[in-house]
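In structure tokens, one chain follows: the form predicted alone.
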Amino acid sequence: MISVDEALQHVSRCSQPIPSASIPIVAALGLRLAEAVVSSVDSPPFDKSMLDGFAVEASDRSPTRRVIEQVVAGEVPHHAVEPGNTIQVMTGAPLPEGADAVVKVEDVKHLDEVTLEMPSAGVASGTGILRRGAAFHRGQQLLAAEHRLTPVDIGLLAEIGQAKVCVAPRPRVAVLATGNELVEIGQPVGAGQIGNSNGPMLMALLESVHASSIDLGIGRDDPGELKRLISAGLEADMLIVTGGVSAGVLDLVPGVLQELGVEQIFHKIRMKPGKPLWFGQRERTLVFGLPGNPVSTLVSFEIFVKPALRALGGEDFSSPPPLRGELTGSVTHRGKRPTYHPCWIDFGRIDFEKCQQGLPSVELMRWSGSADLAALTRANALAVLPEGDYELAAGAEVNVVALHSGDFLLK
């Protein structure tokens, strides 16, 4: 067995960025720009009205004005504003020639169908209008390379008419859950069977990190069926197989991978849960054989798969730096492997006596082991308990790995 750090070094060495690609902006949410976005237009593209009202020349103090035209958004004015007249404009409409302000419709009085009484105080130049290029101008950089696209960014790209964008593409990840005991969602679970939790969980995890997932379904413990399904999965950028990688009589996955030309990089890691983890590579395709127990699958994904996916997307291969926290209760540890124990880390803890922010508190979840997925629903992190036989008292400091990218932890 190798250590977690040694395993991470091997995975890092094998994880190379996928070449950038130009894709439609509607499919680019959450992806990282491979190059900067520069505007080819001014915004707004013309001087426009910011409100419903009447376009005027501010220096003209005529008490009444004659309405000579009406312009709505999407149209253009056909006349110029001159002393004594005005053009009615709606929000977003181009400003007519000769006008430099818009009087709100609520501030005028209709004397008849075409004659208005203007406010006695007049209106200042620039009121109610937005000048061409006020938001941004042609040739201006709007989004820098490496920027991760948000929904607002997609809207901005659409505004400037950019239908496609060059990004680091989503890694394509095939997922295969193996085992004769597995049952698909919605099917009756018979004696000796269990529901396929790993497949849906991995698909959801991949969606959460903006990867493109390919569901290969369930592979039975049959060499021929596994070979067929794994062959299909090897066409992706990454293949994740769960189950069948330990030392049982039906743990067939390592042998099938070898037959298909996948080079084994390592097998088994000094950690708990997740010891049987298998990792290999065929050409550019990374292959993870994750243990079948669901907590082992989740921990392995968070510690090893997620950094690899970041590297495939062109980012640095790096795990989030461990957090430090204080245990809320004592714990006894036994064993020669470090344990990744489900926990809740509370960032709201404050030491009022010292009037300063203290280390967050870490509450270990009641946990029955690597098959106890329910414990993870109550956890937002993993407490890292070092290998060895020891006891830690309440208040002892431990390293903590945040789960699910840790986005909600800082709310």
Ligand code: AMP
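We number the residues from 1 along the sequence you see. What you see is a predicted model; the values in this text were computed from it and never measured.
What comes next is about the form predicted together with adenosine monophosphate, which does not appear here.
With the partner omitted here, the stretch from 239-247, 206-214, 123-131, 153-161 that lies within 4.5 Å of adenosine monophosphate by heavy atoms in the model of the complex is 239-247. Contact check for E181: a non-hydrogen atom falls within 4.5 Å of adenosine monophosphate in the model of the complex. Interface membership of N196, defined by any non-hydrogen atom within 4.5 Å of adenosine monophosphate in the model of the complex, is confirmed. Proximity of E263 to adenosine monophosphate in the model of the complex: non-hydrogen atoms within 4.5 Å are absent; the residue sits far from the partner.
Although the partner is absent here, N293 is a contact residue: one of its heavy atoms lies within 4.5 angstroms of adenosine monophosphate in the model of the complex. When you look in the model of the complex, the only residue of A177, V102, L257, I269 with a non-hydrogen atom within 4.5 Å of adenosine monophosphate is A177. Of the listed positions (E146, E82, E225, D251), a single one reaches within 4.5 angstroms of adenosine monophosphate by any non-hydrogen atom in the model of the complex, namely D251.
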